[in-house]
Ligand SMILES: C[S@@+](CC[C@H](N)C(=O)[O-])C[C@H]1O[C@@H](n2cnc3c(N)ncnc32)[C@H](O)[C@@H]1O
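Just one chain follows, in the form predicted on its own, and it is written as structure tokens.
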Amino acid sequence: MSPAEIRQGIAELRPWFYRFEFGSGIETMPAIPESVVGIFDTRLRMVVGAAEEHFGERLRDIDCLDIGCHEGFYSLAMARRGVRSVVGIDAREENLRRARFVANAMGVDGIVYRQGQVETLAAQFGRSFELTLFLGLLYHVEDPMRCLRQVVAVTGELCIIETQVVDEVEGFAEWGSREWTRPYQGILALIDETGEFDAGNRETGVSPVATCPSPKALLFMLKHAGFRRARILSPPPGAYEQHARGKRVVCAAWK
């Protein structure tokens, strides 16, 4: 694309969520506050670090599935890291139009974008990808266990999850009788996203009901969804403030 065509596409497709730089001073401007943009850099550094640590020189021989790819920010990053192929899926076609535009404008090959939902991944693909990315989406879904089982079904080796988390709640629940109790650790908080959902906010899920896990709940669900091992990763120096405070976490889960 020519610089004029890129500028025209950026204008036609705004507002943008991510910052993409096309050279010659051409870039998209995120609609979110500048103070929040740091989420993307921290998330990217942790994703790339975890993928390179696990795959090493094999990174060029793997296929990656970016679940909830949005405008393709992380799909593009993995393609540039040299993975063999990337498939990005998103529930919203308007996000995919932006993602396809960016890839075309930058001349990046090896990325395919498709419309789809995390709730039906296994039926849609019928295969696994060595690397799956599940970033910024878990806390927007209505049924997290169903979604995580779908993610497990399409993960060949490693899944990297990034999510908002809530504070832990621990205690004992009566379980059929006052004398019978079961310990609980971890919690799922129900979040009402009705206002944003009804307004067409592209950062919500496909339902106004969102479920945000605590860190222990996240690890518990990953285990029972079918991952053999999962670990919350330490944020890097200079991490975005929520990652640094443990209010957002990046977790690696191995099949």
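All values derive from a computational prediction rather than experimental measurement. Start at 1 and count along the sequence shown; that's the residue number.
Keep in mind that the form predicted together with this ligand is missing from the display, and what follows is about it.
This chain lacks the partner; the member of R81, R84, R92, R149 within 4.5 angstroms of this ligand in the predicted bound form by a non-hydrogen atom is R92. Residue-level contacts in the predicted bound form: of A103, L137, V154, L158, one residue has a heavy atom within 4.5 Å of this ligand, and it is L137. This ligand in the predicted bound form is approached by E119, whose closest heavy atom lies within 4.5 angstroms of it. Although the partner is absent here, F227 is not a contact residue: none of its heavy atoms lies within 4.5 angstroms of this ligand in the predicted bound form. Taking the partner from elsewhere, P213 is found to have every heavy atom lying beyond 4.5 Å of this ligand in the predicted bound form. The closest heavy atom approach of D41 to this ligand in the predicted bound form falls outside 4.5 Å. No member of the trio E5, I10 and R98 reaches this ligand in the predicted bound form with any non-hydrogen atom inside 4.5 Å. Of the candidate stretches 24-32, 183-191, 49-57, 63-71, only 63-71 has residues with heavy atoms within 4.5 Å of this ligand in the predicted bound form.
Residues of 197-224 placing a heavy atom within 4.5 Å of this ligand in the predicted bound form, in sequence order: R202, E203, T204, G205, V206.
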